[in-house]
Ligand code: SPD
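As a starting point, one isolated chain is supplied in structure tokens, in the form predicted alone.
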């Protein structure tokens, strides 16, 4: 048995005891797979926990389904990041989806996920899925007015991923969306990562007309409180429409009642957004 600690801030860490540890060096980062008693297998990239077998559904459902439910007819979906495959799996639960593009910069993350996380990566080789091993920032430059929904399943805004949280990048996202297009991004913890959260929301608001922020619980993420920001220029994403779609898909976290109260966020989060 070994103890692994993710240092979520300079002063806060999450420690998990692992039965086994596997380390893989990719071209871009250090990939660690922990086999734990409490969370099952855990995927760690450069020291930061990305997903676990036990709580991944909480994150992936909240990231993917609100945007796909709010869009009247989502057919083409792009996921930037998300090499573990969880967002792909959730997107394919929507019967209107005909095509899912996954843009992941590190191919090794996909290989590791397919080997060690089969329940999460199970749909990566689905006929509707096409995988691109590319930088998401450059990928969008070649695809204009193409996607109905774009999902930003990126890692923390540090190093190569930093550009994915800036106004210039969100403008590329907007240009790649079709009419009535919707984008959604994970925007960090509003409790332990206030500056990352505020900056991401601010940059998105510069680009899109309608913007909504919602939160969810993910036990292994900083403070357990995670934020998501959804945006569109044509659809008022703050309206909770098409809720009956949720009855057509299998979920464990998000249901109609939670969807109806999606934007009921804590007062301190509202204050952060309005600063």
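Since the model is a prediction, treat every value here as computed from it, not as a measurement. Numbering follows the first chain given and starts at 1.
One more form of this protein, predicted together with ligand SPD, exists but is not displayed; see below.
Between 22-30, 215-223, 244-252, 230-238, the stretch whose residues reach within 4.5 angstroms of ligand SPD in the predicted complex through a non-hydrogen atom is 215-223. Contact check for 71, 148 and 181: none of the three has a heavy atom within 4.5 Å of ligand SPD in the predicted complex. Residue contact with ligand SPD in the predicted complex: residue 208 places no heavy atom within 4.5 Å of it. Taking non-hydrogen atoms only, residue 34 never approaches ligand SPD to within 4.5 angstroms in the predicted complex. In the predicted complex, ligand SPD sits beyond 4.5 Å of every heavy atom of residue 58. Residue contact with ligand SPD in the predicted complex: residue 154 places a heavy atom within 4.5 Å of it.
Taking a 4.5 Å heavy atom cutoff to ligand SPD in the predicted complex, the contacting residues in 36-51 are 49, 50, 51.
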